[in-house]
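Form predicted alone, single chain, as structure tokens, below.
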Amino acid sequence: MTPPDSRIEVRKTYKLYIGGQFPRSESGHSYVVDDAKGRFVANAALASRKDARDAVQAARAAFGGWSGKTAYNRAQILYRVAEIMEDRRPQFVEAVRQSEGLTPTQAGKALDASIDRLVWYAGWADKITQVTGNANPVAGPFFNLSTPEPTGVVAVVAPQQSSLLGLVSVVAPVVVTGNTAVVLASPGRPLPAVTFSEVLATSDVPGGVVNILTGKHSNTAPTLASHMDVNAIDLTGLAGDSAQAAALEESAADNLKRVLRPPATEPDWTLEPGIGRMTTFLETKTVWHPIGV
């Protein structure tokens, strides 16, 4: 009989998150994820180009339903995600601690900031239209109204270093405004992202609204940049890699995607975010209507 103190460790192999499901990579491959000190933690799925195409298909299928929800309902759903993250606090703290080499206290603060960031964006869901839309003065008997609308399917290269707060800071503004997302998690620090995907799956977020791929960016980013059904791409996670960012931006030009270029260095995600990341992935629709009809 095996003594209790010598039980076999159950090692995890994390899967992708596509369309509300957790499939293995189409490639059948995985890769080793180490903690900040180089010690084995788990295996993660190595996403392929086919996985990226499947994620885009799932995001497109979810777009109509998600963008058609009221802004207030989207706010409620994001707030629910924040609630579940709070409930799963120990798991997130451990994932951030292992990934970023932080103390438990520091990891807890990063989690607090991530939850607060979700609540902050949820609060903007039913206000962004009032701030960015308007009634335009025109010379004639017409109403002229401009209203923001979601761009569509947005590919997001998540930050490399800030594995949770950075991830939330780039994903929340995309989906709160009605877009759907295909997210490339930090290749070296994917654990907070896959933990976040487990929260999404157990919250009220419809399947396909957020899809999370792990693995090398070189496997999936070019596919997303050139995909004709991706409407915009956020290259924030390529901060400092101007060569790869330029190549992806060139591919994105084939169908005139909106491109959010990466900064020279990864931003300080603890700073107040502002509304720029929301407005980047909004289109403006202008409607004319005759007065008195």
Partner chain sequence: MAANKHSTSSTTQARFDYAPAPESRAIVDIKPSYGLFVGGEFVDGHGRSFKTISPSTEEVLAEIAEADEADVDNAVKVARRAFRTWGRMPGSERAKYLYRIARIIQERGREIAVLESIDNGKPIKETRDVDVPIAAAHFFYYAGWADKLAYAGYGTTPLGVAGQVIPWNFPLLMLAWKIAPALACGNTVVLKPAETTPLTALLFAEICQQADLPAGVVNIITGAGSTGQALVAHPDVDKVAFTGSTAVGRAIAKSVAGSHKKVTLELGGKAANIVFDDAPIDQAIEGIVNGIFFNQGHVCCAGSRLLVQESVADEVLARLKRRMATLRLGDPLDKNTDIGAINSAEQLDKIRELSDIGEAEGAGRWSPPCELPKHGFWFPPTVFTNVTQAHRIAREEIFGPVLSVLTFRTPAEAVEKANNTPYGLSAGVWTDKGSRILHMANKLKAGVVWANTFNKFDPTSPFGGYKESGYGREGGRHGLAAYLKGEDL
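Positions refer to the first chain, counted from 1. Everything quoted here is computed from the prediction, not taken from an experiment.
Missing here is the form predicted in complex with its partner chain; even so, the following discussion is about that form.
With its partner chain left out of view, the stretch that reaches within 4.5 Å of it through heavy atoms in the model of the complex is, among 81-89, 132-140, 201-209, 100-108, 132-140. Candidate site formed by 13, 31 and 61: none of these residues places a non-hydrogen atom within 4.5 angstroms of its partner chain in the model of the complex. Its partner chain in the model of the complex is approached by residue 256, whose closest heavy atom lies within 4.5 angstroms of it. With a 4.5 Å cutoff on heavy atoms, residue 44 does not count as touching its partner chain in the model of the complex; it lies far away. Residue 261 belongs to the set of residues with a heavy atom inside 4.5 Å of its partner chain in the model of the complex. For the chain shown alone, residue 274 is a contact residue for its partner chain in the model of the complex, at least one non-hydrogen atom being within 4.5 angstroms.
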